[in-house]
Structure formats: structure tokens, C-alpha cells
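First, one chain by itself: the form predicted alone, in C-alpha cells.
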């Protein structure tokens, strides 16, 4: 019993985690609460950048208010109910509420006391969490974010974006190296796609002939045409799948950011790790992935122009993420090309006010040779050593990863109806 009590008390000191530090999916959340501090926290959710696409409704009320509302309108993705009582009467009112909710509705309950028996009863019904009022903003936002991510099936997947501070810094080569490291060394089922359309060079680096366009891929995602998408895939190894695009017209408009995001969302339902090369993407598409990614890898060189761009880019990303930079990794690539013209390693962190995750020395024979011959970085010892420097970034993203099939709870409605049937 003490362990159960600690389980729902522990959330009181919770901070935003890497898992929830993303732009949350489109959803609707209704809160029926009366505690003033909790009400203020709920209303402040609208100012959290992660909730930009979440419709939040806050009403001073309780379970009866929710029943009245949903008797006349559709229930949301997530409903949060505050209660002053924790007895059987409240549980019965929840059962009445379930009649007005569909199978996808989830629920969180806020109560007056640490009641382990109620906690056990509610979670067995499928209620996501039981919190004790007043609920602080950081607790409420984190609990809702986790509930939405788990409910919509993306908590088991990780999206990694790789973006160059400027052109020519080696973004594509390192993205492909990271893909090989994830798939072959960490044995993770990985999906790689290049957002550059006709400007993509991934086909050369991975070794395939482009068989589709980005436009065709997003159309397949929009229509949920899995068979059509399969013909656009290339599997260079057991654990790595690549979207074999690149046959787009180079001078034609790219896809819209929203279309590309739909493709990403679809892929994340099937692949634990989705890796996107953003080096040739249009700005709006870059921004979409930057705000959505669980981890963003910024690639620069130790030259002054590239470092200035890296500093500006990191600053913009931090602003988009409400000042948070915990999910940004900086890679300094091509170190040693011309030492006399480079910013010394010891001065880079000071100049950027950001510590590089790794520094990679330039090996012209390796990089230029691989590019000309269509080889990947793991084809030789030096390349494998470079990939090993990238793996801590991948391991950081994968830590604590879970899949929906392993952790998803039955819906609030399913569990409540099951209890009613069992009583009958």
C-alpha cells in the first residue's frame, strides 16, 4: 500500500521530461475543477508552447457538471474531474459519466486526500491518474502531456531531427551515420527520411535509386494507403528502413509542413525511431519538426560563420520551446580542416554558450571517398569510430523508451463498463 501511495505522491515533484517535451498532438481536454489554485494552473496551460494544438476547456464544476455537458455534446479525448468526496457515491457517478463517453475518452481524477483505496479503485477502472488538490501547474501540465501521448500511441516512438547550422557542414552524412548506428549497433528498428525532396543525396549515401517523391509519400499517409507506401521503401538492412524519395523536381514547390507532419505521425505508429534529415528542407517544414522532435541534433563546423548560425538557430529553438534546450545536441563537425581559421575547441562553448555533445575531426579520405563510392560510415573502422561518437545521443533519446502495446491502459469507458457487467 505504501508503494501505491508513493506512486501517485511522487508526481508532485515532477519536472517536464524529454518524453513530453514535444508539441503535443491535436486533442481536446476538458477540466471540471473548483479549487482556485488548480483552476489557475488549468487556465495557464494555454500559455504552454507544448499545448498549442490542444483545445482546453476549463469549467468550475465536478462530475455532475461533466455529465450535464456530455449529455448534450461529445466527450473530449481527456476529461479531468475534481471531487470533494471519495466514497462509493462518487464512483457510481463516474459510472454514470461513462455512459456519455466514447471508447477513446480517458480520465484523471483530482481528490481532497491521499486515499490509496480510491487510487487503487480508480486506476483499476482505467482512470489515468489520481491527484491530490491543489495541483500545481508543472504537475498538471506533465500529467496531461503524458496522458495524451500515451493515449494517441506515440509514447513508444522517438522522433530525432538533424539540422545543419548552414549548408556544407556534413548534416546528411552524419544523419546517415546516426541511422546506421541506431539500427545496426543499437539494433533499433529505425526509419530514415530526407525532407529535401529532389535535393536529397540520401540515395547516394545509402545506395538506392529513388522510386518516389515526397508528394507521393504524403499523399499515401493522408489516405492511409499502406500498400502504396510500401513500394516507396528501401531496406538496406534488417533494422533500417529508408523512404526512397528523391525523384522530385528540384525547382517545384515542396510539400506543406502539415502534410509532412501527417507522414511523420503515421510512421511513428510503426517505427520506434524516426530520423529526419532536415538539411535541405524548407523553413516551415524545419520549424514543424524542430518543435515536434524528441531530440534535435544541430550540426556545425568550427568556423566563425557556421558557429554564428548555430548560435542563432539554438536561440530560436529555445524560444520555440519556452526557453528549454534540454533536447538539443550540438555536433561540431569537420574539425581540423584548416586549424588556423577555426575557433579553438575551448572557445566554442564560450562563444555559443552551449556545450558541444561531440567534436568530429574531418577525414577527407573517409567522407569524400564514401560519398563518391556510395558507402556508409560503418563500412570501415574510422567511420565506425565516428558513429560511436554519435551513439550517446541516440541512447539518450532511447532511455526510458516504452511502447504503447506494452504500457497502454484500457480506456476509461472500457474498464467502467466491464465493472458494471461483472456486477450484473
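Just so you know, these numbers come straight off a predicted model, no measurement behind them. Numbering follows the first chain given and starts at 1.
FYI, the form predicted together with a small molecule isn't displayed, but the following is about it.
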property: Options 225 to 233, 124 to 132, 70 to 78, 277 to 285; stretch whose heavy atom lies within 4.5 Å of the small molecule in the predicted complex; result: 277 to 285
property: Among the candidates 178, 97, 169, 193, the residue which, in the predicted complex, approaches the small molecule to within 4.5 Å (heavy atoms); result: 169
property: Contact residue in the predicted complex, chosen from 289, 334, 273, 214 - any heavy atom within 4.5 Å of the small molecule; result: 334
property: Heavy atom of residue 66 within 4.5 Å of the small molecule in the predicted complex; result: no
property: 4.5 Å heavy atom contact, residue 144 to the small molecule in the predicted complex; result: no
property: Close approach of residue 49 to the small molecule in the predicted complex, 4.5 Å, heavy atom; result: no
property: Interface membership of residue 380, the small molecule in the predicted complex, 4.5 Å heavy atom rule; result: no
